[in-house]
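Read on for two forms of one protein chain; each stands alone as structure tokens, with the labels structure 1 and structure 2.
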Structure 1
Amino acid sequence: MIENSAGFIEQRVSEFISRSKELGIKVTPQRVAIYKELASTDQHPSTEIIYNKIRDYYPNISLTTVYRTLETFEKLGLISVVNVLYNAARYDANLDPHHHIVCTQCKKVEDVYDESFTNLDVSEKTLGDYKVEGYSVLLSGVCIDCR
């Protein structure tokens, strides 16, 4: 579970800024705000949710800018994308090893920490000609609120 204390979030933002500089991407107030919004929650928000929060203090920012920024962050490995089939991508600033479960009714996404998923044997032999570079497990079910 992500810790949401102010100190923890500021540490994540500081690490994000340092890593961005290492990668050679410009650190703008808008990019920091987008990342901070994402790092402040364990709810795996969509682009639209992040945009609606960011525009409160950056009213001139466009939805397209938020989309492109999140795409850039993901391509550079600064965040991850949780793809919920048949729905909009959801984003996660938590890069610690973990997986996800999505409610099939309300589409809520939650983190799953389970060593049995993290230690799956995905040898090249079982995957034919593919060289595995990584994996994530996406479970589906009905959350307690929807039951």
Structure 2
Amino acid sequence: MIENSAGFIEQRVSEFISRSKELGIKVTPQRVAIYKELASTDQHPSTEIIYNKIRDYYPNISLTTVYRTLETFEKLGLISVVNVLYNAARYDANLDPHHHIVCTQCKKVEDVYDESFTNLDVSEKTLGDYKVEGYSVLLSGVCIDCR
């Protein structure tokens, strides 16, 4: 749960710094700025958006650094990527209700048919501001070929 109090964010940044030292990566001002920006919002920003926000107070930062840093953080489990399959649009002619599992290594997608996934109650949820059209469960894992 995000709380927009400065103290809460400072605490998360402190934890990030400790964790970075444990993991053996260097704590640079760029990395702190990127982590802090991400920890300060629940808007799930893109790389470009993070870059632009940081440039307001850190004009010399490079977009390349933001890309590389987010990738590093994600690989180490310090942050997560919301959309695993962001590389290219993937299409499906099968309109029956079903779900998907993606291999985090080769990005292959397979279908998952499971009634317990298909019958989730999405009507009464805390989605007050949204007109919900649908949902799907995306599992992630490593396929047999990549193991």
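Along the sequence of structure 1, residues get numbers from 1 upward. For the two forms, the rigid core is made up of the largest set of C-alpha atoms that agree within 1.5 Å on superposition. What you see is a predicted model, and the numbers here were worked out from it, not measured in a lab.
Each structure shows the same chain on its own, and structure 1 is the form predicted on its own. Core-superposed comparison between structures 1 and 2: the CA of residue 50 stays below a 2 Å shift. Core-aligned CA deviation for residue 118 between structures 1 and 2: 2 Å or greater.
Taking the rigid core as fixed, one finds a CA shift for residue 40 smaller than 2 Å between structures 1 and 2. Note on residue 138: its Cα is shifted 5.8 Å between structures 1 and 2, core used for superposition. Once the rigid core is matched between structures 1 and 2, the CA atom of residue 108 is found 25.2 Å away.
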